[in-house]
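Okay, so here's just one chain, in structure tokens, the form predicted alone.
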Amino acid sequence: MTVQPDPEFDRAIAVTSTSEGRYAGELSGGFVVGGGVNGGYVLAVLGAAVRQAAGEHPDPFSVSAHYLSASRPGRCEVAVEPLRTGRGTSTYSATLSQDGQARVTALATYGDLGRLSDDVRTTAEPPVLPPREECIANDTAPPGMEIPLLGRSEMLVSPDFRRPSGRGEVAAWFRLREGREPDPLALLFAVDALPPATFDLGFYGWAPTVSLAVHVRARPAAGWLRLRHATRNVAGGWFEEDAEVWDSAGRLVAQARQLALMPRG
């Protein structure tokens, strides 16, 4: 008898239906960064609930979320309401709450990426990274910070990663642990998995997400992903960050933009 793997990520995003449109889950303390749980991981939990509600439309195409308060490790509930059910896509509103307080609210359009062409065309250029054997593991936090999130994935960065270039860009090879291959729900996490792009400007610390919009273009091929986060504007204590996720086949499979507060550390 072959024992199937039970990756930590799947356990961490699992939700159970409690009544029509209501799902219960447990936010893992392993995804904490700074003063709360990582926003991309929380979005993946919310996305897992929408997937259950969506039935024949299992994949996120577009998710736009607003973060109302910092999520904490522990029990959560996701309320999902269908807004439109179509042949190709369906749209839902979803709100993740803890102790009766809304943490994240989102609009999500789901479909079946398996019905689409695997051909992804773009004028964007993938991030330039050294071969993995020349990179170093980004598994240690800056002095004075504890980041359990760093232990949830394998992240390989250029040896000069901790020397800010001033360009406002960070990039890395990335994959989940325990042999867990990427899929569309993992992409919701991946777009927020790197350190904030402000690290490359010399600003370190937790950068709370205020809004995050994700577009998934294709189911990713198995293997390592390449991630890039970049910012072009810092103003009034806020910054925007654009994220790209490239799969092992060299395709741009997900994009995101978020608005976040500048690190306080």
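All values reported here derive from a predicted model rather than from experimental measurement. The first residue of the sequence shown is number 1, and the count goes up from there.
Heads up, the form predicted in complex with a further copy of the same chain isn't pictured, but that's what we're talking about next.
- Proximity to a further copy of the same chain in the predicted complex, taken as heavy atoms within 4.5 Å, picks out 200-208 from the listed stretches 219-227, 26-34, 45-53, 200-208.
- Proximity of G237, R251 and R257 to a further copy of the same chain in the predicted complex is complete: all three residues have a non-hydrogen atom within 4.5 angstroms.
- Proximity to a further copy of the same chain in the predicted complex, taken as a non-hydrogen atom within 4.5 angstroms, holds for one residue of L149, A186, A108, V80, which is A108.
- Interface membership of D10, defined by any non-hydrogen atom within 4.5 Å of a further copy of the same chain in the predicted complex, is ruled out.
- At a distance threshold of 4.5 angstroms between non-hydrogen atoms, D160 is out of contact with a further copy of the same chain in the predicted complex.
- Interface membership of E134, defined by any non-hydrogen atom within 4.5 Å of a further copy of the same chain in the predicted complex, is ruled out.
- At a distance threshold of 4.5 angstroms between non-hydrogen atoms, D119 is in contact with a further copy of the same chain in the predicted complex.
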